[in-house]
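In the form predicted alone, a lone chain appears below as structure tokens.
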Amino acid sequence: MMDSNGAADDTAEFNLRLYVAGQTPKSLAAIANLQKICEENLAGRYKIEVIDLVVSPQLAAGDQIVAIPTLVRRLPPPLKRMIGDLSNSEKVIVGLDLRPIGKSRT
């Protein structure tokens, strides 16, 4: 669900898909960073699907993946994408609209 500002509300279920290429340091960092951010901000309200394009390269076309690692927020709408190892947690939180309860847009 969305609030009046268009941000996901505090009951929204997040469906996240992370595209990686093998077990590279950057891929492993992206997985770990995403899990940490989700646990701190979305405890119990998220599902992460990790797709290894080394194993299943055909899956890149569905979400128009051009760089890796790429994170795709499929739910709640709208669809959002982020590229990189997700090490800047503040940028990920803003990019995915994971604002803590009670915070408003500035």
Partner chain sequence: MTERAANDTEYESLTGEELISRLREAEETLEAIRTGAVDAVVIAGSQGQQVYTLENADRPYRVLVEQMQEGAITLSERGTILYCNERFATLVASPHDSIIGQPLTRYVSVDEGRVLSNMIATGAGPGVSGEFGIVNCLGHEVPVNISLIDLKVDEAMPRLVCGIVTDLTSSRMRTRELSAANERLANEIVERRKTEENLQLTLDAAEMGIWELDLSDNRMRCSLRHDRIFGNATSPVPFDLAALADRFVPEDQHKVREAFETARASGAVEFEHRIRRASDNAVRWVNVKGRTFYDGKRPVRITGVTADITQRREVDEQLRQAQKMEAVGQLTGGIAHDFNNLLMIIGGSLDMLGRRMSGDERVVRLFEAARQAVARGSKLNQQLLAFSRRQNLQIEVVQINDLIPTFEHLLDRAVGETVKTKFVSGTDLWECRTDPHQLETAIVNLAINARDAMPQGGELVIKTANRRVDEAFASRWEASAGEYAMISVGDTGVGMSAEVLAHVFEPFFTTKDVGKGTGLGLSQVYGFAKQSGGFVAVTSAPGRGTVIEVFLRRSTDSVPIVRKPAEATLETGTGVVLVVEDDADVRATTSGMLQDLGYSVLSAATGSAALEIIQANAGLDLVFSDVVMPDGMSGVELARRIGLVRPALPVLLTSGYTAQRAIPELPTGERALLKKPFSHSDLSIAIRKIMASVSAT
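Residue numbers count along the first chain shown, from 1. In this text the structure is predicted, and so the values were computed from the model without any measurement.
Only in words, not in the display: the form predicted in complex with its partner chain, which the text now covers.
Close approach of N15 to its partner chain in the predicted complex, 4.5 Å, heavy atom: Result no; N15 lies far from its partner chain in the predicted complex.
I93: touches its partner chain in the predicted complex, heavy atom cutoff 4.5 angstroms: Looking in the predicted complex, residue contacts with its partner chain do not include I93, since no heavy atom lies within 4.5 Å.
Partner proximity in the predicted complex: G44 to its partner chain, non-hydrogen atom cutoff 4.5 Å: Flag for G44 set to no.
is_contact(D97, its partner chain) in the predicted complex, heavy atom dist at most 4.5 Å: Contact check for D97: no, nothing within 4.5 Å of its partner chain in the predicted complex.
Residues from 59-98 in contact with its partner chain (non-hydrogen atom within 4.5 Å) in the predicted complex: The stretch touches the partner through A60, A61, Q64, I65, V66, A67, I68, P69, R81, I83, G84, D85.
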